[in-house]
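To begin, one chain is listed below as structure tokens, in the form predicted on its own.
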Amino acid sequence: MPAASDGPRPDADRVRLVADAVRRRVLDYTLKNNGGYLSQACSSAELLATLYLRVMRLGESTAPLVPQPFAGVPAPDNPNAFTGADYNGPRAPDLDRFIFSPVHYALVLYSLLIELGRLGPNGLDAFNQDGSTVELIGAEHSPGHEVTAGSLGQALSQAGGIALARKLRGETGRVWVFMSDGEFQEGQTWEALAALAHHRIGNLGIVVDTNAQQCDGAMADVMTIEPLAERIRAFGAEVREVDGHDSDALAAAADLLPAGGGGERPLVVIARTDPCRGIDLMRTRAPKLHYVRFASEEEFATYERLLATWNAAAADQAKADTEIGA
């Protein structure tokens, strides 16, 4: 698997195929566990696929294809502790770092890592089991995670410290943070943005899954964060708003963060997304979309039929691709 920085980057069609596969896998595990964070896959699949395939400069994964069991928390007397950052490649001065903030999206990230070959096909066998690092709510030891980020809003502060250290060392790699819009209801997020602007942290990019939903319903009903772009600009960041399902638009906005960290302001990409993208069935659940737990056998069967249809279509496409290749 080549590093994202090597050769031509995949196009939007590749992102779409990966995003669709991520949604299928998350739906599969939501059915297996009779519940899951399904709307997060609907809204963020293109965002995360674009980051990994078209934006971030990452090296090859140096982590095992089947995740290790939990080895304890990092501590001076625990030399066996580890983080999940190795799935994003080595920590080289010229490569990017990725900080995953809304850790309840963990299954979406695991599914993406499998599609990209950074995590093995059996990487989810121990999902949500005692002693496993493949947790429902990710932590620093979970695949693709580098820090413990929950409660919401803490990861941006940690990413800011990492970015400042890289700037002081003269490293050219950037730091990317994936966030949810609900984190902008947290005071720590705004304090972190103020600090980033004050210290002129121009090597940090933030991509926000702005799906207008949080655990208690619609963001606008619980506590509005709009006008989000104007508020973030007032804190000193460079801001762009895009359709979060448009990979080309997202990649173009992310390219505004200069390689080598030559700017003086953090970049925030507000990606407007649909929490029911690809699964219109979920619209009947609005405004409570945060966590899907099936209400009846009939509803379960409806989603099961959707997955069967998706899997059949994917199998037909794979067969057609094989015949074309032959």
Partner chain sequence: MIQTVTRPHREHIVRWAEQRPEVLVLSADLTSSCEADLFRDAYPERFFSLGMAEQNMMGFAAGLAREGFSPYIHTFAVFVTRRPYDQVAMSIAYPNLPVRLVGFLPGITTPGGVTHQAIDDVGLMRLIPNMTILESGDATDVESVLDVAQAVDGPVYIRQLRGEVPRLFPADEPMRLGEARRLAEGDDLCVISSGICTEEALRATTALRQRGLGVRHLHVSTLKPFDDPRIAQALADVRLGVVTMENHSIIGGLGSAVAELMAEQAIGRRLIRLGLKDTYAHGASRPYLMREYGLDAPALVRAAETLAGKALGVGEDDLSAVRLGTLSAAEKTEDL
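Treat the numbers as computed from the prediction; the structure is a model and nothing was measured. Residue numbers count along the first chain shown, from 1.
What comes next is about the form predicted in complex with the partner chain, which does not appear here.
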Judged by heavy atoms and a 4.5 Å cut-off, are Val73, Glu191 and His198 together in contact with the partner chain in the predicted complex? yes
With heavy atoms only and a cut-off of 4.5 Å, decide whether Arg169 touches the partner chain in the predicted complex. yes
Determine whether any heavy atom of Glu140 comes within 4.5 Å of a heavy atom of the partner chain in the predicted complex, and answer yes or no. yes
So in the predicted complex, does any heavy atom of Gly161 sit within 4.5 Å of the partner chain? yes
In the predicted complex, is there a heavy atom of the partner chain that lies within 4.5 Å of any heavy atom of His104, even though the partner is absent here? no
In the predicted complex, which of the stretches 111 to 119, 220 to 228, 250 to 258, 143 to 151 has residues with heavy atoms within 4.5 Å of the partner chain? 143 to 151
